[in-house]
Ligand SMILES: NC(=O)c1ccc[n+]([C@@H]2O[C@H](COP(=O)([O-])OP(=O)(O)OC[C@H]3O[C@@H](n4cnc5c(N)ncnc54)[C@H](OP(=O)(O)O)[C@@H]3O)[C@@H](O)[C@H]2O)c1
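This document opens with one chain alone, in structure tokens, the form predicted alone.
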């Protein structure tokens, strides 16, 4: 990763901050993006002199384009764009409001679309580049019904990225398109979810943000289309989508509110 220029959204904490520090240690040049100035500057300080910050709301197209322009002004080019910003929700599908759905799509899907459309002309002009989106296991399997609209948004994100990959396969084969699917991660993500319930717990052991960051960094170094931060989850996904009766599979695999039984 030495001297590669990487834009990371949602870089002020959690997975984004861990990825920034890891890539900085490997010699990357970083453009760190988030809304919180002080937290973002603290991450940049830990990353060293080759990290710049851009305070931006990635749900605003013009601000995402300003991130791209700032990156090109500072470094002259971009090698990879990591769409990491996101937000969860704690509300069952039957209780969702229009505002809930709009917020989940705005933060988790439209921010990625804006990043894609901002950086893609630059990658096409260079003949190479890498767009990576941090998705979720909830885009694959309904582990947590209370994350309903977040899961729906991540399904949309995966569909967007897959169709982009197919679009570019013939015209721009050196532009890599990746989705990385973490499971439960030990960050403040759940506490910051829309309608989060104080003290609410989720099932299963959590991965550390550092572990997830290492997998994302490896995906940047060795591009793949679809990556699970817990590789043992991929066979479950295959079983789920290959099941002749999804409803029966869900009843067999998921106890009410308890997550997977294996």
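What you see is a predicted model, and the numbers here were worked out from it, not measured in a lab. Numbering follows the first chain given and starts at 1.
The next section is about a form of this same protein that is not shown, the form predicted together with the named molecule.
Comment: the named molecule is not present in this chain, but in the predicted complex one of 50, 61, 230, 35 has a heavy atom within 4.5 Å of it, namely 35. The named molecule in the predicted complex comes within 4.5 Å of a heavy atom belonging to residue 154. Contact annotation for residue 11: at least one heavy atom lies within 4.5 Å of the named molecule in the predicted complex. Taking non-hydrogen atoms only, residue 192 approaches the named molecule to within 4.5 angstroms in the predicted complex. Among residues of the shown chain, residue 188 is one whose heavy atoms approach the named molecule to within 4.5 Å in the predicted complex. Only one of 115 to 123, 180 to 188, 94 to 102, 159 to 167 places residue heavy atoms within 4.5 angstroms of the named molecule in the predicted complex, namely 180 to 188.
In the predicted complex, the residues of 112 to 138 lying within 4.5 Å of the named molecule by at least one heavy atom are, in order, 134, 135, 136.
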